[in-house]
Structures are given as C-alpha cells and as structure tokens.
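In the block that follows, a single chain appears as structure tokens, in the form predicted alone.
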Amino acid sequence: MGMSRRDLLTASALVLARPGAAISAANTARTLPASDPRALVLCWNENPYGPGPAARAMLGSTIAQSSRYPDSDIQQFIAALAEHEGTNPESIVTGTGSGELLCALGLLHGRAGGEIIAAQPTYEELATYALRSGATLKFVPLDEQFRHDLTAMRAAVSERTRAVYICNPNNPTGTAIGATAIRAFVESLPEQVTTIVDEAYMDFAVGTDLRSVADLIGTGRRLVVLRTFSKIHGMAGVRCGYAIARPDIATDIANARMTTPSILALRAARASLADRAFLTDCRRRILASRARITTELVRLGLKYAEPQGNFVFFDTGMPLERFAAQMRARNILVGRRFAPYESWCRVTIGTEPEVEVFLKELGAVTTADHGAV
C-alpha cells in the first residue's frame, strides 16, 4: 500500500483543485463564532485543564533548544510509546495530532475510488480528506443507542471496501462499544480490509469491556489504532498523536503523512505520558463533571446518549439553532449540528466552575423555552 511520488503529487493536486470538498460544509466548518473573549468555549472537546505540570515544565525548558532538529527526540519518543503500548517501535507512527494520521489513512484507502465505510454521524476528518483523493464513502446510521451498528457495517462491506472507520468512543455522540464486539468484527472482515479504530477518547471510558483493542495488532490483522495527546493530556494546540499498526502498515502511514511533531510536542508528550498523577486527577475531575451534567439532564427531563468521552450529547428539546443562539446570548459556545439529530447538542465538559455556569444557564434556557410553548 506504499505511495509513489505520483500518488503524492496527485493528492496534492486534488487538494488544490478542490479546497472546499467536504461531506457537508455545514457539518465540517470549524470557524469559531464571534464572541466575547470571556465566553465559555464548550464546543471543541478540548481539555479545560490544559497540559499537566510535567508537560508545561518541559515546554518551557525546551524553548531555548527549539533551534535543534528533533531527530533523536523522535526515536526516544517512539521507544517510550512502544514500551507504553507493549509493542515494538516498528509498529508506532507519530503525527502532528492523530488528525494528520487520519488524513494519511483516508488518502491511502480512498485514492482511485477506494470505498471507506463509516458511521453517521462520526468524526469526519478521515472521510472528508478521503473525498479529496476520490474515495467512495458509505455511511451507516448509528443504532438506537447512538452506537456504531457493527452488524450493519459488516453487511455494508463489499469487494470494493478498503477500510472501515470506527471512532470509539464516538464523536459526537460519546457512546462506546466493547472491545469484544470490535474484536469479533475485525476478525470477520476480509483480509484486504483495514479496520481503523480511533481511540482519542478511550481514556474517559468507564466499563469492564470498554478498553483498547491495540493488542489485536499482534495477531497480524489489518488494524490501525489511533491515539492523541489532544484530549486527556490537554495538548490539542501542541499537536501530537500516534498510530499503532502492523509494521508494514505503519510504514505506509509514515510514507503518506506530510509532517512530524516538533521538538516541543515530542518532549511535552513524552513528559505527559509519565505524569500519571495529573492524568488520574484530570480523568477524575472530568468524570465527576460528566456525571453532574447527566444528573441535571435527567432532572430537566432531557434525553442524552450515554457519554464515554469528555463531552455530552443531549436532546435540547428545541431546534439546535435556537438553543445555540440562546446559549451564545449568555456567552456560552456549544456544539454545532450533527445530522440527522436536529435538536441534539454536543457540549464539552469544562472546569468545575464552567460546568456550574453552563448548568445554570441550561436550566434557564430550558425553562424559558417551555414557558414560551
């Protein structure tokens, strides 16, 4: 699956020729609404606690050395990741965020009309980028619990299918499926089909079977597991992620990516990886706030999807455009529309004080809307 120079040039030409190509302009636009700088930004699934102490200290101390190329740092980071994941360094590929690696995978599997199967709605970066290389996308609706419908996704696989994308926990719904079900799904696929499992939010999942499937890579299956330092590590703006895959697949991904992490990202990510105290405390805080939000949603009589990430997807009980406008009037930015859920909103879990403000205003908006009806 290696890419030739011609493939890369063709992909570049496609991006330049179709800069607006996307699944839906309304769904993929990432322009921050104009607002007061003091607004609560609860729309991008960011970690409100930012990088931990170890990562912050490393970022500061590395600035003076940022004139140096990070070649040796890359190797040290890969070795640390391999040890952390219990695999060999040849199975690790780094990227400037897992998003870049998703784009590389979209290009690899979507070029020349390659068919990619994904849930709808789900995280769109892979599918959007794959379209630019001529991919054929096949979307499968979520089940009644807002989870990936693996039975329907398996039935959708054809002789033209090159990859299946599973975001677990899923963005925007926050729901997750167990590792046992994913293992069975991967093992049922034809040898030529790659399963891409995006585990960006797995650190926030709670459940006996809600765990990584990275150990499956050792079985030789065509599987890619993606991780990021943007979520629980709080480094979305630093840009660092990685993929775990069979060595030959890892090489293909490495050849398709356009950049590698900076020396700042590499050192901060490595430091954060070892900062267990921060990661544990961050998870505890976000899970506590998540429970607080769902408890209030129950009190207000608002439905929600079972959350396993650092955000909650819930039914506002009104058109989302109206809800978002009312929250914006209160200086709170919430998530955009995800078809076909026209009244549902994705809200990021902020700090404890931010959650306090959000819940107060949520109650006010909900009461006012019911009163108007």
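Fair warning: this is a prediction, and the values are worked out from it, not measured in the lab. Residue numbers run from 1 along the displayed sequence.
This next part talks about the form predicted together with a small molecule, which is not shown.
Checked against the small molecule in the predicted bound form, the residues A265, A163, A243, C167 give one hit for a heavy atom within 4.5 Å, which is C167. Note on contacts: among T173, T228, T194, S272, the single residue with a heavy atom within 4.5 Å of the small molecule in the predicted bound form is T228. Note on the interface: of 215-223, 195-203, 257-265, 128-136, the segment with non-hydrogen atoms within 4.5 angstroms of the small molecule in the predicted bound form is 195-203. In the predicted bound form, no heavy atom of G106 sits within 4.5 Å of the small molecule. Using a 4.5 angstroms threshold between heavy atoms, G234 stays clear of the small molecule in the predicted bound form. In the predicted bound form, at least one heavy atom of G99 sits within 4.5 Å of the small molecule.
Mapping the unseen interface onto this chain, R239 counts among the residues with a heavy atom inside 4.5 Å of the small molecule in the predicted bound form.
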